[in-house]
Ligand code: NAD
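Only one chain is shown below, in structure tokens, and it's the form predicted alone.
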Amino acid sequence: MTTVAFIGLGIMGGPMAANLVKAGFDVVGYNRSPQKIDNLVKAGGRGASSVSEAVKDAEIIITMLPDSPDVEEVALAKDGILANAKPNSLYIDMSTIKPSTAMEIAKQAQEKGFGVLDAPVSGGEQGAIDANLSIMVGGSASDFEKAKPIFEAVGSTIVHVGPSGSGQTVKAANQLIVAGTIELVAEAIVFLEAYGVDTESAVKVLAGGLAGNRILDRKASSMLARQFKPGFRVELHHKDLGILTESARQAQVIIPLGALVSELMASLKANGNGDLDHSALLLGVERLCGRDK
């Protein structure tokens, strides 16, 4: 039985680790919040009291953490992954971080003899629960093949997209498309409501035509009901759009709509909505229209 260390058992990491247990892996989990570790133990996994304890006997190590500094600390610190894992282990970071950070960590990991992949995911909390995440993977083809059983236990669309850092680059593009689509759906809903249209019927016919998209399929009903329980929080999407705009600037790529939706997400966070689902961009549209009263 392959031993997998899983660091970061939050909204996404918790169900992903549980699905690895269901698939027959020996999963050892660590999280700063002990309750998250207890949840994994209840699901059939094992708990660890530190990163170093979690990784010391693992063949495969996975991190699912909020941001680039978190991954750097866990991967590179003296009590972290590279200093304490077994030689020739495979390290897979499934967080969403800067492509430049992913490439630097990969360089240091490879110098110490580790296999390393950056493999961010898309699909939100429900995708993590249902094990049908989309996984975009950067790194060597051989490491990708070695990791396939892991990816198949948590995802349904699994694609090797290039060398180290490529997974994070594709994820940044994904976050641009998702945020932009949510914003357009939000604007359409406010527009329809302003004219007294039967919005449920309108969404149904829109979803069946060329305007159809997964945001309409998955988010429109909760947006109409103003229910923004987080599947993916505003504050995290705000962070991801920061990665996008910084990376685009470095590559001298102009993204006018991306820059705008990044500002709209930032406004939503600044107005105290950071803990809501990113579909709460609807609230920002209502504020702009003076319809939030």
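Position 1 is the first residue in the sequence shown; the rest follow in order. Computed from a predicted structure; not experimentally measured.
Below: the form predicted in complex with the ligand, not depicted.
- The stretch in contact with the ligand in the model of the complex, judged by heavy atoms within 4.5 Å, is 116 to 124, chosen from 154 to 162, 116 to 124, 191 to 199, 82 to 90.
- Residue 231 is the only one of 231, 258, 242, 47 with a heavy atom lying within 4.5 Å of the ligand in the model of the complex.
- The closest heavy atom approach of residue 250 to the ligand in the model of the complex falls outside 4.5 Å.
- With a 4.5 Å cutoff on heavy atoms, residue 217 does not count as touching the ligand in the model of the complex; it lies far away.
- Proximity of residue 70 to the ligand in the model of the complex falls within the 4.5 Å heavy atom cutoff.
- Contact annotation for residue 65: at least one heavy atom lies within 4.5 Å of the ligand in the model of the complex.
- Proximity to the ligand in the model of the complex holds for none of 265, 269 and 279, with the criterion being a heavy atom within 4.5 Å.
- For the stretch 82 to 111, the set of residues having any non-hydrogen atom within 4.5 angstroms of the ligand in the model of the complex comprises 95, 96, in sequence order.
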